[in-house]
Each structure stands twice: as structure tokens, then as C-alpha cells.
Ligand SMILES: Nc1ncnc2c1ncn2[C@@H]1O[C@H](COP(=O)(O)OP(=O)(O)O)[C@@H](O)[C@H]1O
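Taking the form predicted on its own, here's one chain by itself in C-alpha cells.
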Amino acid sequence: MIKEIWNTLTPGGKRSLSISVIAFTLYALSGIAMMYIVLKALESVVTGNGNLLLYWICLVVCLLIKGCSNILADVRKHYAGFDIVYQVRKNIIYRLKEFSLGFYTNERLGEISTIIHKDVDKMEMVVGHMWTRMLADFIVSIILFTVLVIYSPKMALLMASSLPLAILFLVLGLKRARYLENEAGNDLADMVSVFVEYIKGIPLLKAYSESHQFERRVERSASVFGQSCKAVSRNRAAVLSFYGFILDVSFWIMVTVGLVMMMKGELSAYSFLLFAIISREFYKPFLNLESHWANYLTVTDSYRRIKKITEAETVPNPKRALQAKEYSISFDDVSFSYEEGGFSIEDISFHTPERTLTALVGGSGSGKTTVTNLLLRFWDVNSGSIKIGNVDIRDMSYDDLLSSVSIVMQNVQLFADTIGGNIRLGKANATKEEVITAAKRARIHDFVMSLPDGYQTMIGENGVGLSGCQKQRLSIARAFLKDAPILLLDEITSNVDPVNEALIQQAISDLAKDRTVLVIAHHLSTIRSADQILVFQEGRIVQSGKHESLIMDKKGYYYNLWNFSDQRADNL
């Protein structure tokens, strides 16, 4: 973990960390120097020798060094801490885009949120606070021990007599803490996930207010996490308390033997005071080792969860990416299942020539959306192949694949940004004129210009404040701006009034020109002129052809769908 965190830091972050360690070392050494100067001044007063002015000047110099080094160390440690947090969060953000949708099925959003916020913040603690102080303290301790061994080898060895035993006990005693920290971290993630689910479901829970099953589930998750935290605290308190006692034994041995040596005349009072006072600085990193180790266990657990994202399997890219020369679409004997025993599609084969429109029809859960998800490599097929222009999509760069496809779906995803910013998702470096042209082609420009701030108008998350029709036309504008050769459509006029339906149909017709189009159709009347209709039932293609030929088969599934669609239209 330590090596990986160090390698994650930028050169500037590593430099800030190093400067902070050096500055903290100077801070501690200047404080020790001040204690030494005071002892020498006291000895000078007792013996009646020496110049107190010189000691005063030395104290002032040490004080200035101490103050300046403390400021520098504090600033630089935060630079290093912020650097690691930024780098880890950036890596996670980019990584999240590389996963298949299967990752988000297995990893709950609550846990991912906990990792990005709570666990990543702990990286700032380990780099900015733990490493800088710990390294500086141990450097100071090594320097002190070296000097004190030269000054009095016997007293220096007595000072460190029980250190090996204390450290051995700490390592062995806190092994159990690693397991307990893991349990507490997992229980926290579970609790957060349950709370997120609870908050999202509050409107429904209010409607069924007499049912308290979910409240008991939330209470249970909080109780389990509380018990985990208590177990961690009990174990930590027991181990660290005894560790501190063993360290105090070292000081007691040194003081006891030192007093005996002083009584025998083998050690001066000044030397005894020097060891008694300065030894506390020698013990400092070892006394803090208990908190450093506890923090290390906590951070290790957080880093383990971070690695669940940073080392999770992404959509694989080929070593030598191929590019499609034309944009026909072929499914060859494709089979896929989301999970064992779950929904699956079997032996799906079809060919969509370039610049034609193919409609996918069938009941809910028949496999239409799965086909489009597989084309986008949100999941990879279990068997068979999907090709664009005779190139297997697994042999294409994932970025090239996605850049060749525009998507307009029923459930439009908009972000808390300006209207122009949401349209620019189709092309990040688009000019203002390109954005306006795309909006005009999507029949949304006039509405945008009626707003006080025009394209700079801020909208809420998921388009709060916009109607469903306005959201749809913004997504169409986004697709116009992207100008990809392949277009995936989920028929989007199901719940739109006639006037807006006409506007959207005009925009869609314009968008579909000269593109290879796959459309998931809910209203069969809208796809009568499709070049090809694929009829899905329970994960298989049961019919294919044009509308005229399919409707002639009165025993076919399409004929039944068509009659049902007509009857529903009449009832409406």
C-alpha cells in the first residue's frame, strides 16, 4: 500500500511531502536544542561560569527556526495530502466510466459513494498527517539515540531496553485489529447503502406508513455498525494501554539505574537531567506508534475498498485497435445472460445495412434493450460476435466504439449545468454556433431563447424545471451535435401531447437521415416504414421483415402485437 500511494503522488506532491518531513525534523530538533540550551544555562548559573547573553541569543535563533519550520511543514503537509486525494479521486472518476454496467449491478451506489468520500479522505490523513509526522519523529529519534550513545552508551541502552518487547507486543496484539477494522468498514458500507435506499424510498414508505419493516432494517444496520465500532475500540484500548505501559518501563529502568549511578558518582546530575528530559523526545515516535498503527489499520481497510474500484475489471481494450470503414451492424449467434438463472438472450442473429432503419419490437423484457446495451459494450456477449462494418466491436477501441454511436432514450439524463453545457456533452469543444445549430435542428432553440439567460440558463439535476418533451429535445440536440454515424433510439413519444409529438418526430426524422438506426419501438404505427423489423419474444428473434410481410402472417407474434396496438389506440 505504501509504495502504491507514493507512486500515486505527483512530483509536486512528493516534493511537498519531503519538504514537510525535513521541516518537521528541524522543528523537533530546534525544540530539543532549546531544552539543551536551558540545561547548559542552568549549569552555567550553578557553577557561576558562562555568558547568559549567548544562551539567550541561541534560544532566540532556535525559536525562530522552530516557528518558521512549523509553518512551512504545516503548509506543505496539506499540499501533499490534497495532492493524493485529488489524484485518487481523479483516477476513480475516470475508472468509473470504463466499467461495464454489470459492475454497477454488483457494487451498490451507497458503497461507491462511501469510498469516494470517506475512504479517499483518509488518504489525506495518511500522507499529510501520518507520514510527515511519523517520518520526522523517527529521524529525530535516530539522531538523538546516536548522539546519546556517544555521550553515554550505558544510559542510552537502558533508555531503549524494553523497546523491542513493546514493539513485538504491539505488532502481535493489533493483528486482530485488522480483522475488526475490516468488519467495521464493511458494516459501515452496508449501513450507508441501506440509508441511501431508505432516503430514496421515503415517498413510497410514507404511502405505506403502517409498514415498519424497512425502518427496522435501517435500525438493524445501524446497530450492527455500532457493535463493530465497540469491538474495535475495546481491542484497541486493551492493546495500546499495555503497549504504553511497557514503554514507561524503559523510562523507569533508565531513571532508576541513573539515580544509582549518580549516587555512586558514575554520572553527573547534569547528565542525568539531560537523559531524563531529552529521553521523552526519543520515546515520542514510539509512544505515537500506537496511534500511527491504528491509523494505518484504518487506512489499509479504506485502501482495500478503494482498490475494489481502481483494480476492478474494466471493459478490455484490444492491443491493436481496428477501425470500422463503414457502419453496418451485425449480430452473429449472440447469446448473453445477466447472471446465472436470470434473463438471457439466445442465438440472436441479424444484419442492419449501413444507413437503414431497423426497428426492435416486442413485449417488455423480451431483449430489445439488452441488444442495444450489448452493442454499446455495457456488457460483453457470452458467445457469438457483434460487428460494426465487419469489425468485431471487441477489436475496436472502446472510445472509438462509443464515439460512433449517438443515443436518444426515453429516460433522458441531464446534469445540473447550463442548457448549453448539457448539449455540449455531445461534443465538448463545440462552438456556440454549433450548439445553436443543433438546438434548431432539435426544435428546441426557440424555447431556449425565451428563457432570460438563454443557453446559459442553469437547470437542476435530471432537468428539474423542464418538461419531458423539452428534456427529449435537448437529448436530440446533443445527438445532432455528436453527429455519430449510428443512432440508437428508444421511442420517446409515448407520453407526449400531439403538438410536441409532431415536433419530436420531425427532429427524429431529420436526425435519422443518412445514419444506421436501431429503434426500440413501443408504438408500432411509427415504424411501419422501417427497412427491417425484428420481433423479440423471451430473448429470441421470432420474426423479421418489413411491416407488410409481417402483418400478412396472421398467426405470427407481430400480427398479435399490431392488433393489440390498434385496440389500445382506439381505447385512447
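Predicted, not measured: the structure shown is a model, and the values here were computed from it. Just count from 1 along the sequence shown to find any residue number.
Absent from the display: the form predicted together with this ligand. The rest refers to it.
Undergrad: If you check in the predicted complex, is residue 339 within 4.5 Å of this ligand, heavy atoms only?
TA: Taking the distances in the predicted complex, the answer for residue 339 is yes, it comes within 4.5 Å of this ligand.
Undergrad: Under a 4.5 Å heavy atom criterion, is residue 343 part of the interface with this ligand in the predicted complex?
TA: Close contact exists here: in the predicted complex, residue 343 approaches this ligand to within 4.5 Å, heavy atoms only.
Undergrad: Answer yes if any heavy atom of residue 475 is within 4.5 Å of a heavy atom of this ligand in the predicted complex; otherwise answer no.
TA: No, residue 475 is distant from the partner.
Undergrad: Is residue 364 close enough to this ligand in the predicted complex to count, meaning some heavy atom within 4.5 Å?
TA: Although this ligand is absent here, residue 364 would touch it in the predicted complex, with heavy atoms inside 4.5 Å.
Undergrad: Only one of 330, 356, 369, 193 comes within 4.5 Å of this ligand in the predicted complex by heavy atoms, so just point that one out.
TA: If I apply the 4.5 Å criterion carefully, the residue I get is 369.
Undergrad: Just give me the single entry in 138, 455, 350, 379 that has a non-hydrogen atom within 4.5 angstroms of this ligand in the predicted complex.
TA: It is 379 that has a heavy atom within 4.5 Å of the partner.
Undergrad: Quick one: find which of 111 to 119, 331 to 339, 218 to 226, 73 to 81 has residues within 4.5 Å of this ligand in the predicted complex by heavy atom distance.
TA: Selected range: 331 to 339.
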